[in-house]
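Have a look below at one chain only, the form predicted on its own, in C-alpha cells format.
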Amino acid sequence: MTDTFRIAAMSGSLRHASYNRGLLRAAQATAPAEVTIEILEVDLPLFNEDLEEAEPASVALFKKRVHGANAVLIATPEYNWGIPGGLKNAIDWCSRPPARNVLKQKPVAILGATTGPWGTTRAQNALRQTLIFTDSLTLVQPWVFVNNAKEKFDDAANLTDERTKEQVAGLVAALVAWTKRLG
C-alpha cells in the first residue's frame, strides 16, 4: 500500500465558478490514485502584522493545511498583469512570521487560466517572484497557461478541453515526481 501524497491547492480567484478553480478540480480528477488534492479557500482576513502572533482561526487552519501537505498547487488568474490580492494575501499569511513560514522549502507548481490570449503568463511570472522571497521550491516546467478559457470550460467552469486536461495531469505528475526527488 502506498502512502498518500497530499497537495494543498489554492485558486487566486474567489469566485466559486472560476476557471482557475475549475483547473484545480481537473487536477483532482486526473491525479493518480495515491495523490490527494485539497482545494483551500483563500478568502482570509487581510494580513495584519499586529495579528501574527494570535492568528485568526481561519488563517491558522489554512497554514496548517499548507504545512501538512507534501506540495502546493496554485492556480492564478491574471488581474492587471499580476496576481489577485486574495492570493497575495494568502501567501503573505503563509510566510509570516518568518520563523513559521509554511512555504519555506515547500515544492510549488503554478498554472492559470484567463479569457484573454496570453494565458496568465505575466501573473505566473509575478507569482514566481513572490515565491522566490518565500523560499519556495517552485517547479520550473511544465508551464500551463490556459488562454481563451471560455472555449475550454463549460458554464459551470468545468474543464472540457482534453488537451488542457492532459497538461494539468502532466503538471501534477511533474510536481509529485519532483517533490519525491527533492526528498
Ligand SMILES: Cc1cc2nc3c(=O)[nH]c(=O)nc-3n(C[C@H](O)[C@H](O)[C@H](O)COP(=O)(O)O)c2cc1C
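The first residue of the shown sequence is 1; numbering continues from there. The structure presented is a predicted model; accordingly, all values stated were derived computationally and were not measured.
Just so you know, the form predicted together with this ligand exists too; it's not on screen, but the next bit is about it.
Of the candidates G68, P56, G116, P32, G116 is the one whose heavy atoms come within 4.5 Å of this ligand in the model of the complex; the others do not. By the criterion of a heavy atom within 4.5 Å, P107 is excluded from the residues contacting this ligand in the model of the complex. Contact annotation for K152: none of its heavy atoms lies within 4.5 Å of this ligand in the model of the complex.
Shown alone here, S18 lies within 4.5 Å of this ligand in the model of the complex, counting heavy atoms only. In the model of the complex, S13 approaches this ligand with a heavy atom inside 4.5 Å. Shown here without this ligand, the chain has only R122 in 121-150 lying with a heavy atom within 4.5 Å of that partner in the model of the complex.
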